[in-house]
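Below sits a lone chain in structure tokens, taken as the form predicted alone.
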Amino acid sequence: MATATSRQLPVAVDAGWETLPERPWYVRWRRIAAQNPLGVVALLIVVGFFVLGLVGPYVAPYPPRQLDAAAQFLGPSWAHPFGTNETGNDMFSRVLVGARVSMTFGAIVIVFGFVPGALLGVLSGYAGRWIDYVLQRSSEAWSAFPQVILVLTFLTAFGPGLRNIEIVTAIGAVFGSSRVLRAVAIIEKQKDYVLAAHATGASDARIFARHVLPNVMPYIIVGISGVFAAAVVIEATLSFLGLGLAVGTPGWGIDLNAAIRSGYGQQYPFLVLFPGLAISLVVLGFNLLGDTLRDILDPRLRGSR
């Protein structure tokens, strides 16, 4: 009996250390998609508008600035799905081409504004000392003035135009994101894993690059979606006010301005409906995507409903 028992023990120990095979990546992604259906819809909206921004000018059925006096104020039809405006421009073509303007504006604000500001904020919160002092005093000086006043002052000094709006919006995103991510970095650097890394002799640069930055990355990813949606609204609003795109340029905000300024928006509501719907869908898509990413990436919210 003792011999039989001793022969069975290694088998039992070996069986106890067996691990289940890892599920394929597509199974994990399918499970996440099943748990977040709104996030899937939001992702499709965001990807769809990015695709339109890339290929919109090439797939537009009509030139967006083509004038046609015989095609004024035509209602939605197979030939003109979104109708035509007072100059005979095809509204469907203008909405497609306008997607490139809004997506490009948002991407510029993210790349040259939010992302550098987020990295500076994380560095400021982790490093402290004079780096934190310089960055945060600069941020406070910028935030002391109302953003609308700063935008109007900048446009008055350098003239209206989309390029100037991109510059001032990106600067605002730098300071805004740095303040938010600084607070996150201060919390992260007080956690046990950072203290343990210091105890093992890791340098500050290694801890920042290998530990702190990856752990604040979910906040950066979620912030990108919110800032992108805000950038689209800013571009449309300033173009609506006549401070962005030039008159006649295809753009969602400028088309809304033309419909309301001319007074034809009430008589022909499709002139307002489709550009406004495009703006609303983009903002809704990015906000829903940001909420879904927060639920997935934040361990405290993962699996919650």
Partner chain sequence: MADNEFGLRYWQDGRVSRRRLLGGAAIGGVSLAAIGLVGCTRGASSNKTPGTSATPNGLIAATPTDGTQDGKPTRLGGILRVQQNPAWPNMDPFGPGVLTLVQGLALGFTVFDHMWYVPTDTGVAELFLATKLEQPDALTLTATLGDAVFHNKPPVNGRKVLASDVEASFKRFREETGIGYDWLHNVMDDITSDDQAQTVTIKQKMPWAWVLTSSNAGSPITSSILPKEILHGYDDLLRKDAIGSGHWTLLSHDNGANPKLRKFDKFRQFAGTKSIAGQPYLDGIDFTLVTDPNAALAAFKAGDLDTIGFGTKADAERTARDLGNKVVVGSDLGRDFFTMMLMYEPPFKDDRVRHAFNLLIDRKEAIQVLEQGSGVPCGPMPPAQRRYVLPDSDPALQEYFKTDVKQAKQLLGAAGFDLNQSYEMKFSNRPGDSALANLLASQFARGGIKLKLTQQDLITWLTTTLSQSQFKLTCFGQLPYEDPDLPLRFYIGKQGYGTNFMKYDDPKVDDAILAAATELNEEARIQKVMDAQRAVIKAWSPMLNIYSPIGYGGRYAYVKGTISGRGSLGLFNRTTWLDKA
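Numbering follows the first chain given and starts at 1. Quick caveat, the model's predicted, so the values are computed rather than measured.
There is also a form predicted together with its partner chain; it is not shown, and the following applies to it.
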{"item": "Heavy atom contact within 4.5 Å of its partner chain in the predicted complex, the stretch among 198-206, 84-92, 217-225, 119-127", "value": "84-92"}
{"item": "Q72 within 4.5 Å of its partner chain in the predicted complex, heavy atoms", "value": "yes"}
{"item": "Non-hydrogen atom contact R261 with its partner chain in the predicted complex at 4.5 angstroms", "value": "yes"}
{"item": "4.5 Å heavy atom contact, G242 to its partner chain in the predicted complex", "value": "yes"}
{"item": "Partner contact for V55 in the predicted complex: its partner chain, 4.5 angstroms, heavy atom", "value": "no"}
{"item": "Among the candidates G248, P37, P61, G48, the residue which, in the predicted complex, approaches its partner chain to within 4.5 Å (heavy atoms)", "value": "G248"}
{"item": "Within 4.5 Å of its partner chain in the predicted complex: residues from 265-294 (heavy atom criterion)", "value": "Q266, Q267"}
